[in-house]
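Shown below, as structure tokens, is a lone chain in the form predicted on its own; questions about how it binds or moves come after it.
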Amino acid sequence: MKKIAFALGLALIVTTPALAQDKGIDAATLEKYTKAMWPKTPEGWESRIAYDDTMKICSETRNQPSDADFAKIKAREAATVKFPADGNVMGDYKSGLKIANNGRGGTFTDKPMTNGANCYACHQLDLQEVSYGTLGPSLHLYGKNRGFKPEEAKAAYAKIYNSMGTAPCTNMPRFGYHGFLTEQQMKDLTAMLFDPNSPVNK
């Protein structure tokens, strides 16, 4: 139930500013009441119940920012990406497959918190998967179609870390930006997309 409530809270944060405008409710008032829904916010989660500049613009424009705002968002969000210190964005593709299939997350009562990426909720990856979402594009043969190039793998890691730095106002979560996934998890997901032995590339 808490997981569902958290998801609903995020949905309110992302979608209601634009709707509130139609009713004449200013963003500051809406943010105040949104925060009031979470009186016992866990340490480190404060930013998740507040609008950042990107969320404000995407909500106010219904995910259709002007060209100028698009460029601002892309530059600002891309600058937040932190690549692994060793320069290696590739992990273990087998672990990446498990993370992609894991829909758990957002349950702040878990100590320590354990989250999955739930990639299959939006993307097709492995042709053996019979159930997957279509909100996002198919990622089958993702690495193969990009020649397994290191620079492409680095770009994929960056998109997993902060999708807004690649596609402003996308529906894809900002996994690294919000600390939802660890560096190792993001490396494993990148390997899932770019390792030639991964089912994604078969």
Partner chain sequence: MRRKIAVFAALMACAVGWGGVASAQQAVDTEKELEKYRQMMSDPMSNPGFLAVDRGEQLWSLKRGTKNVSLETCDLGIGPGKLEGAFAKLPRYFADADKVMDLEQRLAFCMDKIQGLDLADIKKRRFGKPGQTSDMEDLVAFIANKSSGFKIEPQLTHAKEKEAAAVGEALFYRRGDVLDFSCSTCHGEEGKRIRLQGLPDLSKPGKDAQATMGSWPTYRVSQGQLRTFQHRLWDCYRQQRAPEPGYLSDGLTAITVFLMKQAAGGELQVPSIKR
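Residue numbers count along the first chain shown, from 1. The structure presented is a predicted model; accordingly, all values stated were derived computationally and were not measured.
The same protein also exists as the form predicted together with its partner chain; that form is not shown, yet it is the one meant from here on.
Within this chain, Tyr51 lines the site of its partner chain in the predicted complex, having a heavy atom no more than 4.5 Å away. A residue is said to contact a partner when one of its heavy atoms sits within 4.5 Å of a partner heavy atom; Ser59 meets this definition for its partner chain in the predicted complex. The shortest heavy atom separation between Phe175 and its partner chain in the predicted complex is within 4.5 Å. Not displayed here, its partner chain is kept clear of Leu141 by more than 4.5 Å at the level of heavy atoms in the predicted complex.
This chain is displayed alone, yet in the predicted complex one of Ser95, Asn88, Thr80, Asn101 has a heavy atom within 4.5 Å of its partner chain; that residue is Asn101. Contacts between stretch 121-138 and its partner chain, counted in the predicted complex as any heavy atom lying within 4.5 Å, involve Ala121, Glu129, Val130, Ser131, Tyr132, Gly133, Thr134, Leu135, listed in sequence order.
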